[in-house]
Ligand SMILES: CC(C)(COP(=O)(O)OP(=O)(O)OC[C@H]1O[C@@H](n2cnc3c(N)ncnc32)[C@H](O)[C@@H]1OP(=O)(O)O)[C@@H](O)C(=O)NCCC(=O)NCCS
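Below, in structure tokens: the form predicted on its own, a single chain.
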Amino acid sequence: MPGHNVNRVNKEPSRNVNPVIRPIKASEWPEWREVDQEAFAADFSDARAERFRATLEFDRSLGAFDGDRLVGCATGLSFTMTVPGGPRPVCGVTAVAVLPSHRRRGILSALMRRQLADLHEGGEAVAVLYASEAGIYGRYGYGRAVDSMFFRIPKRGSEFVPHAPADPSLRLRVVRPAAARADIEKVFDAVLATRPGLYARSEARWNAVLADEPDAHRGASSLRCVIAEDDAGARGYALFRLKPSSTDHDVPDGEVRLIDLFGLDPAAYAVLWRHVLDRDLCSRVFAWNRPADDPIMHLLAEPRLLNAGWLDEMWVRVVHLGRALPDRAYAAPVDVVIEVEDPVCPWNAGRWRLSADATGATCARTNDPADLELPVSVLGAAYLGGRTLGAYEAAGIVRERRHGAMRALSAAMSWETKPWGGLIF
């Protein structure tokens, strides 16, 4: 099923609806699937639908009902995600959909507000999502927290810099993904804590990652895997597909479509990239959804050949400010009073004093004058450490009331490793 959220605009006149919002029952799954397929303009195979169903938590899956008809849905998934300072529980919001016949009637707003209220009541501090359309979720207080990169790298000219890391003890093992699952999971679990935004992948999630039905191929091959290892075991893996092609003169012109690549150390990472760049019968690599600080940008001797572009990746919503801000680490000491605007979650609105140093952080309500004024979406954007505040101030979104406060908060919330989720849920 889609790992996005959708609510396209329908400008046709329509009657108002006062939907009943409640968790769906397991018996209502077929209706839920139909709404999801209709909203995403797609037909999902039974196997793919069942894999998604295996990840669902029905008590956190809201339905919007017009009479007795299910017309919209919004799902929450329980994740453990790395944030600056360590792993924390978050709610992964996904499969937000409204039937085309019921758009522009307030159903999405009703779903999102109910979901946020439920999270707050349950004590959950942070929600995250992937958006199918970037213009939707800012109005519900989500901030664009993560950027991802994509690369179209030609094989010709893809040499590495002379000082690229290498380890003669490393060897490569080409293997079917299912046969290497234990090694793949072990590598991923080892890197999980090293980057904000990565979240623990359950058994059902790995089942979806490694599934290989023909409808997932999109004109390319079955899923391929290569393991980088030494005598002590796996030190990295890459998952990819191959799309064969040739020129008019029958010259091989295939493409490697990189899906997942992780290494436990620079040498393992480099040898895996070298492998996908050097695949026979392929003239280029298309790598989609890579971190914004991907080391390949520094390994390629001619970085212009990255042909890089960027997209928004993950969006973050601070659901309970008083819990969320103390629940992460800070890169520098800070003591600042923030006046927060949050019309969707009024329990966050008002002035808060954030004090943090190497020993921890506190965030409590205060009547002291504000040093900064900002919408809650900015705190979501900065929460994982990948978004500085200066550009928001230049855009007039953050307003500084005490000189130096913006720079102090920005430095404290930043983090050396850029955040990245790596896998749409």
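Start at 1 with the first residue shown and count on from there. Just so it is clear, the structure is predicted and the values come from calculations on it, not from any experiment.
What comes next is about the form predicted together with the ligand, which is not displayed.
Per the 4.5 Å heavy atom criterion, the ligand in the model of the complex is contacted by stretch 130-138, the sole one of 279-287, 130-138, 340-348, 174-182. F40 is the sole member of F40, F65, F58, F44 with a non-hydrogen atom within 4.5 Å of the ligand in the model of the complex. Among the residues V256, V319, A228, V98, the one placing a heavy atom within 4.5 Å of the ligand in the model of the complex is V98. The ligand in the model of the complex is not approached by P87, whose heavy atoms all lie more than 4.5 angstroms from it. Residue contact with the ligand in the model of the complex: V187 places no heavy atom within 4.5 Å of it. Of the heavy atoms in R195, none are within 4.5 Å of the ligand in the model of the complex. By the criterion of a heavy atom within 4.5 Å, R105 is counted among the residues contacting the ligand in the model of the complex.
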